[in-house]
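Let's start with one chain on its own, the form predicted alone, as structure tokens.
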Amino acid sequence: MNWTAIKAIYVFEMARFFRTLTQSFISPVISTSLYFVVFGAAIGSRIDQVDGISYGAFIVPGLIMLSIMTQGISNASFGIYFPKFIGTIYELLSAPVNFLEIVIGYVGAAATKSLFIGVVILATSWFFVDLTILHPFAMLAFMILTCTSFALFGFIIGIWAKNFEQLQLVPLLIVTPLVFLGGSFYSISMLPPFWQTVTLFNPVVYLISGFRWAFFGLADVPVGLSLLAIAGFSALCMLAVWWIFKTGWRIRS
């Protein structure tokens, strides 16, 4: 394993993150505050509690998951797309590094960035609600796994995309709606039986449910299924990345 190459890619990507600290750091804090004002104050005044949890606290895991999923995808997709755009990816492909080292560098940096954003949002939430985390280590594990798996997904999107517009296509039109419809701001037990069944086909439900269990000990689906969903999604993404580098799809052409 070429750790020097991994470190070089990782440090370069993290340096880009800190160069745009205002966009990377302040923007999520402002967005989270607005969510708390809109959902916590406006809707929370009509919904006192959900499963015995105050509504303001109940939406915290959903807000964190929404941010780390979209940030993980955006950071990883832009990180690999930009070298394609300016042509420096050929220097990377000709260097003595294998695909795994490239993936670890880019995905590791993107996962670190989204994890940082998740921690910032968690800290911000304490200014608005009283929050107790029942299983802090499980919460951290779910957050790291989600950051890593969606960074892998974003890496695939960055290779697939042919322009900057396509980089935002999947996060805006697919991932964000799935998060909103995946029980991020409500419990799926509040839905009619038919829509509860339909919602279970949304993979994001399992991620949010497991993450919320780490906070409150409450889950819409078994925690084991949540872990299986994250592991399965990560395995599929890693298999797709391996195939991309093996065939050179949209990298060498």
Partner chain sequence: MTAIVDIQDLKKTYEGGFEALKGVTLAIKEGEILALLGPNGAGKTTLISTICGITTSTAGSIHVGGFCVDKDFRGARSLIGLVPQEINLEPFETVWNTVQFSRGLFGKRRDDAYLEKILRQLSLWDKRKSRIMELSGGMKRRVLIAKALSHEPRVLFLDEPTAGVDVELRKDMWDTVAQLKADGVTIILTTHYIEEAEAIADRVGVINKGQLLLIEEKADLMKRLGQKQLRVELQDPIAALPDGLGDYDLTLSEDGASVVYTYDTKADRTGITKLLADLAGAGLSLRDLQTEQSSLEDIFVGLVKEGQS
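Since the model is a prediction, treat every value here as computed from it, not as a measurement. Positions refer to the first chain, counted from 1.
One more form of this protein should be noted, the form predicted in complex with the partner chain, which is absent from this view; the next part is about it.
- Under a 4.5 angstroms non-hydrogen atom cutoff, the partner chain in the predicted complex lacks residue 160 among its neighbouring residues.
- In the predicted complex, the partner chain stays beyond 4.5 Å of every heavy atom belonging to residue 230.
- For residue 130, no non-hydrogen atom is located within 4.5 Å of the partner chain in the predicted complex, even though that partner is not displayed.
- Although the partner is absent here, residue 166 is not a contact residue: none of its heavy atoms lies within 4.5 angstroms of the partner chain in the predicted complex.
- Picking from 90 to 98, 115 to 123, 144 to 152, 176 to 184 the stretch near the partner chain in the predicted complex, with a 4.5 Å limit on heavy atoms, gives 90 to 98.
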